[in-house]
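Next comes just one chain, in structure tokens: the form predicted alone.
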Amino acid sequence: MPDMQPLISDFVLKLKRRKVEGSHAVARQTAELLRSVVSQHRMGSTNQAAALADAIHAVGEHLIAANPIELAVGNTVRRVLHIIKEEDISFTAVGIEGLSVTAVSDDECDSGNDDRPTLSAAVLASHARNALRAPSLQTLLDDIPVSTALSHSSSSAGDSDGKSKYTGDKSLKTRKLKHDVIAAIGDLIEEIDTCYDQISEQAVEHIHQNEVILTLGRSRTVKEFLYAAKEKKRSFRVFVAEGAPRYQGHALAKELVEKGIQTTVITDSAVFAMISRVNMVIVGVHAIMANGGVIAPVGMNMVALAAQRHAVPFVVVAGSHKLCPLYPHNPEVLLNELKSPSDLLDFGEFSNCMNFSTQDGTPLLNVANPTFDYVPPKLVSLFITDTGGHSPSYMYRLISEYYSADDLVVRRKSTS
């Protein structure tokens, strides 16, 4: 794909330099790039779906390696691979349904006026046996694709006109497979774009009159969720934990006040003291793992523990593009990254401390500034996604509808 290489390299560079951040933006741009890859891919005469999936594997491997902490990249790549498999299965099923089975004699077939080529039951049975039969040693030694060999072995039992028509339809079928995959990726992009609206529509079902809600950080999904409840004339109050050290809660509080929502900003350390006044905790997350646990902004585990201690529902709102089929212990998962120490300390004020060290040269002052927390599934009460509300124990089933088990590790298959 020489035409696509500059676009791929440019997006990889953006991911490495953190020019594209946030699950929504990352997922959407990844889906758009993969749609272009499919569009520019040259389909072969055999194994079109496998070749297309291999191209996505190759591109996806580079994208994931560029920024492993952005799990939405891998999620989108796996969704596209699952789409290719689904479209290929659907395409094959339609092809099988298009074959007409007849049980009449050869004389009756010759005297028929139907212009549509038909295959006898014997021909179909022969083809089915060939499809289930392992490839011969000659086929393997000659490096002939299995599907080509099976097609050749079964052609002697079929009508020559049917064979020529099958050959003539290959290009049409190839174009249809690519078209269907591109259309399905377009639906995926639309799903990503509309996730906020789909989630916000459920706000009135969960936020009731005169409730007190607590949130942490600055999540657009949470913001739109609260906006929707306000538009439905719900009267409620929001406690916003400031989200140190980046204090994104300050920006969220300002946005909520501008919409007429009564808001109170609290320090992160005051969450446990204020949680007894709260009816519900509503938060956004970075990713939802296969076991129902979540990767969320730092400090979220403390909020979840406080909510559990006071029996306050801990509700997570997130689009389906944040569903990750991996478990936290998988080696492909990077749970955290450390941000700059300058978020915590002023180097001018603490510059003298940098000169102190132990005898072996190890500095006495160290700064840890993690980005994320991991919240186990036992602390989560409910997930609200664009497909509805789900319990943590149901997430594995929801994830199985979006991903294939053999695509968990995105790596181009070896051609050796």
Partner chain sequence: MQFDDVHRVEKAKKRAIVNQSEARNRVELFRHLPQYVHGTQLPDLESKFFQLEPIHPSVYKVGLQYLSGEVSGGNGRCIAMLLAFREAIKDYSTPPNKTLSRDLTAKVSSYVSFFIECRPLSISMGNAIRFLKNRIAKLPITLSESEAKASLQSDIDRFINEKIVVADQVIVSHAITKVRDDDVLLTYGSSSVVEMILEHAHELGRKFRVIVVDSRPKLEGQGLLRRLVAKGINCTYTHINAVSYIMHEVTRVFLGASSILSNGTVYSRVGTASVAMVAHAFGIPVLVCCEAYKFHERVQLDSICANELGDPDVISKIPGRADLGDLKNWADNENLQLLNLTYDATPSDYVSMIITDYGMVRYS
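Residue numbers count along the first chain shown, from 1. Please read these numbers as outputs of a predicted model, since none were measured by experiment.
Separately, the form predicted together with its partner chain exists; it is not shown, and the next lines address it.
(message) Residue-level contact is defined here as any heavy atom of the residue lying within 4.5 Å of its partner chain in the predicted bound form; does Asp386 satisfy this criterion?
(response) Answer no; every heavy atom of Asp386 is more than 4.5 Å from its partner chain in the predicted bound form.
(request) Report whether the minimum heavy atom distance between Ser320 and its partner chain in the predicted bound form is within 4.5 Å. (result) Contact check for Ser320: no, nothing within 4.5 Å of its partner chain in the predicted bound form.
(request) Tell me, yes or no, whether Tyr247 is in contact with its partner chain in the predicted bound form, where a contact means a heavy atom of each within 4.5 Å. (result) Because a heavy atom of Tyr247 falls inside 4.5 Å of its partner chain in the predicted bound form, the answer is yes.
(request) Answer for Glu224 alone: is it within 4.5 Å of its partner chain in the predicted bound form, judged on heavy atom distances? (result) It does not: once its partner chain is placed as it appears in the predicted bound form, Glu224 has no heavy atom within 4.5 Å of it.
(message) If the cut-off is 4.5 angstroms on heavy atoms, which of these, Ile199, Val298, Ala228, Leu81, is the one near its partner chain in the predicted bound form?
(response) By the 4.5 Å heavy-atom cutoff, the listed residue in contact is Val298.
(message) Just to confirm, with a 4.5 Å cut-off on non-hydrogen atoms, which of Ala51, Leu365, Ala66, Ala58 contacts its partner chain in the predicted bound form?
(response) Flagged contact: Leu365.
(request) Name the stretch: of 387-395, 23-31, 365-373, 36-44, exactly one has residues whose heavy atoms fall within 4.5 Å of its partner chain in the predicted bound form. (result) Contact criterion met by 365-373 only.
(message) Where, within 240-263, is there a heavy atom within 4.5 Å of its partner chain in the predicted bound form? Residue list please.
(response) Heavy-atom contacts to its partner chain in the predicted bound form: Glu242, Gly243, Ala244, Pro245, Arg246, Tyr247, His250, Ala251, Ala253, Lys254, Val257, Gly260, Ile261, Gln262, Thr263.
(request) Relative to what we see here, could you say if Glu332 and Ile182 have their Cα atoms closer or farther apart in the predicted bound form, with a change of 3 Å or more? (result) Farther apart, by at least 3 Å.
(request) Say whether the C-alpha atoms of Val59 and Val333 sit closer together or farther apart in the predicted bound form than in the form shown here, given that their separation changes by 3 Å or more. (result) Result: farther.
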